[in-house]
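In the form predicted on its own, a lone chain appears below as structure tokens.
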């Protein structure tokens, strides 16, 4: 019987349990660099016993604009801060992945040469992340950021080899994966976060989602984190409406033979263990519950099995540093 407490190995990376901290925008950088506040935030999460932490979106290309308060990693001048971050997390036995992405870009207007330049920027970011001590990178192809738009037939209207069919719309992801592999050691972990649906008329359908994932699996992606547009659903209740993207992740497991990570609405040990045993999903990732309780996994390990205290109010999106309003009230 599988449980969230199982130790596993993802590729060459040992993981002490099945719980990941999913990428979360912190808005804590003033100049695009890693700072002490960011390091302390991830250090607290590492102490809380999540197996792996994925950073918030890191902008990896000079052709991109970062999110407000976002972190960049576009050249070696940023290495020191990122190295301090990975060392801090590793001190507590957690793994850390750099979420490599772009906020926006001209999906339909950029030339193939410009796209190939972007592909190279992603590969360079993986090489740089390995130098900084990250255990791996996560390619961000979800939530209608740049790569997600490439996948979506509602947005991508290109007539060349990067548009038209599901295979061509996914081509950029495969090229990024191959370039990352060429620039890193074989044991360096590369995963992806991807939309299963855009929830838009004319948007991503099952065929598009499955095609992209199967292409990535054939080309050596280590794991796929399944998400979709319409994240951060409000009103999630333990035992009632948890794991709201689980049908997509379960269906994907029938298409690929690599680990699948499911994000979205996990709140109770019982529901998560049931999901692990009734499907072939291997890992579960969480964001908002770990904003309110960064030590949630430790609490559960210590025997306090109450569901996560997060009430899915989404007020954290409106606070400085995206902190939980209930934690602020305690101070």
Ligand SMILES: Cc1cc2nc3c(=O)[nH]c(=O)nc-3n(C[C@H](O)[C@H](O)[C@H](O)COP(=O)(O)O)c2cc1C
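Numbering follows the first chain given and starts at 1. Because the structure is a prediction, the values reported are computed rather than measured.
Note that the form predicted together with this ligand isn't included here; everything after this is about it.
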property: In the model of the complex, residue 281 touching this ligand (heavy atom, 4.5 Å); result: no
property: This ligand contact in the model of the complex: residue 244, any heavy atom under 4.5 Å; result: yes
property: Residue 51, heavy atom within 4.5 angstroms of this ligand in the model of the complex; result: no
property: 4.5 Å heavy atom contact, residue 232 to this ligand in the model of the complex; result: yes
property: Site check 57, 143 and 317: each within 4.5 Å of this ligand in the model of the complex by heavy atom; result: yes
property: Among the candidates 308, 19, 23, 10, the residue which, in the model of the complex, approaches this ligand to within 4.5 Å (heavy atoms); result: 23
property: Proximity to this ligand in the model of the complex (heavy atom, within 4.5 Å), stretch among 29-37, 43-51, 288-296, 270-278; result: 288-296
property: Stretch 88-116 - residues with a heavy atom within 4.5 Å of this ligand in the model of the complex; result: 99
